[in-house]
Each structure stands twice: as structure tokens, then as C-alpha cells.
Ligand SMILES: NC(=O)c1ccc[n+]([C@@H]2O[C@H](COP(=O)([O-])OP(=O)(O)OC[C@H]3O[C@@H](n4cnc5c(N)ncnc54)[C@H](O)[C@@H]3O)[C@@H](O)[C@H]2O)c1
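Okay, here we've got a single chain as C-alpha cells, the form predicted alone, with questions on binding and movement later.
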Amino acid sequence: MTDRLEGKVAFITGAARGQGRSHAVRLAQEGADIIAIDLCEQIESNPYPLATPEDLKETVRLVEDLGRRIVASKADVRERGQLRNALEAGIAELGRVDIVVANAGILPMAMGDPDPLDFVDATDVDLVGVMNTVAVAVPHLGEYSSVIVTGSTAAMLPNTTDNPAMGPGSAGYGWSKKTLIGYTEQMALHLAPRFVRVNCVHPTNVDTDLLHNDGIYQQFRPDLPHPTREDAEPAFNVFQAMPIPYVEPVDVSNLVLFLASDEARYITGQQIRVDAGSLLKFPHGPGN
């Protein structure tokens, strides 16, 4: 373990598994203590299983095994009061917050009868949840703090998340991630006089549960009635210029670490892709 984040505290949403857990572990490896939250419940419109309390406990174990402190709690990013309470409980124990990783997100794919409220559920988590996370954290951030928002390369590609066949939930995901581009730039501008940086990370496919579920497999392999992961993985390669199906969570975490560190102290308002060349391959979207 090195000390690029020694003495810093990171507030991470969606920390029970996937990218959130990876971010927590990677930042802890570099000396950060962690305030971790996750919903740890199911959202009805989201067809794949979300994280559980046991998943969050595993994140706690992994961080503590690195010799770092972690305050973990169940909280819903859609509820600003819950987020504020969770953050303040973490600050009470750990003393401060320097890094915000607004990572929690869902992708409610249409499986069965789509419901317009699926759009609402997606935007409530993927957009409003980010805004709530930043809102409760900003009053506590000092100079050279860093806010990192999880976007999506898919939202920067036309004809990927706006496909009507993918349903209102997917449209909500895509619209939220696109809106986060402007949100990041606005927050970076307004927080710059305080030397608080705000950047957005845009991954391509990532090897997490958001990618590996029946809804995604069906979208990539509509020719099969019940496609499996093995059926879908070759089709995942189409999105990247590099011949890979997806990046690993740690590939995103390494960028999050850099943006969280003082090495990036003057980098703000940026949209940074971890996409294995997907926008180089499809600058106007697949099929264009």
C-alpha cells in the first residue's frame, strides 16, 4: 500500500459491490478511509438483483483488511436526508471528507411490459441520486477536494441507450448519464473558486452485475430465446475498438484514484472515458 491518499476520507455511493466496491478498495489501498453507502434493497423496476447487506459487509471486510477505517451504512441516494445522515455519521467518526465518488446507478432494462415509471426510477437514482450526493457533501469539502461522478460511454454514443426496445428504464439511464455531462461542467465552474474539482468518468462495458444480467444478454443476442453470459460476451466486443468485451472495475478505479489524488489538483470539469476506444470506433453510434 502506498500513500497517495493518506489522511483523506472518501464518500462512495453504491459501494456494496461492482465499481463502488472496487473504488473503495482501490482508494483504501492508497491510504484513504471510507464512508460507504448502498441501498441494499431491490427496486421493483430493476429486473436484476441489486446489492445486499451481505455485499456491503464484504466491502467493509476488504477495506478493513487493508488496515483502513470504514463507516458503512444503508442509505438511499434518492433520499437526501438519508444521505446527509450517513455522511455526517461518517464524518463524526472519521473527522472529514475530501473525496466524493457519486457512483450509485441502475439500468432497468425492459423485460416484459415496460412502465413509464421505469424512467422515473432510473432518473431518480442515476441523476437525482448524484445531485443529492454532491449536495450533502459540498458543505463539508475543503480546498483541493475532489468530486468524481460516474457517467457512461454508452450515453455518449447515439442509438445505444435511446433504443425504444430497451424500454423507459434504459432511456432514463441514458438521459441521466447525458445530463450528468452538463451537470459536471456547471458544478466544476461554481466550485472552482473553492478549489474543489468535479470530473465525470465514462466507462464502457464494465464487468459488473449491471452488465451481466438477462436483460442485457437479450439485447445483445436477440436471436436467442434465453442467451447466457457465454452467448453474449462475443457480442460485447462490438462496442470497443480494442478486442475486449468489457473493462474491469479496477480499470475505472485507477482513474478515480488519479482524480481523487493531488496529482489531479488542477483537473476539473472534464469528461474522461475508460472505453477501450469505443467512441473512436463509433463516433456517431453503432450502425452510423
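From 1 onward, residues are counted along the sequence shown. Keep in mind the model is a prediction, meaning the values are calculated, not measured.
Omitted here: the form predicted together with this ligand. The next part is about that form.
Interface residue remark: residue 174 is not counted as part of the site for this ligand in the predicted complex, having no heavy atom within 4.5 Å. At least one heavy atom of residue 16 is located within 4.5 Å of this ligand in the predicted complex.
With a 4.5 Å cutoff on heavy atoms, residue 28 does not count as touching this ligand in the predicted complex; it lies far away.
Among heavy atoms of residue 209, some come within 4.5 Å of this ligand in the predicted complex. 77 is the sole member of 122, 200, 187, 77 with a non-hydrogen atom lying within 4.5 angstroms of this ligand in the predicted complex. This chain lacks the partner; the member of 63, 256, 36, 51 within 4.5 angstroms of this ligand in the predicted complex by a non-hydrogen atom is 51. Looking at 136-144, 90-98, 200-208, 187-195, the stretch with residues near this ligand in the predicted complex, meaning non-hydrogen atoms within 4.5 angstroms, turns out to be 200-208. Along 247-261, no residue reaches a heavy atom to within 4.5 Å of this ligand in the predicted complex.
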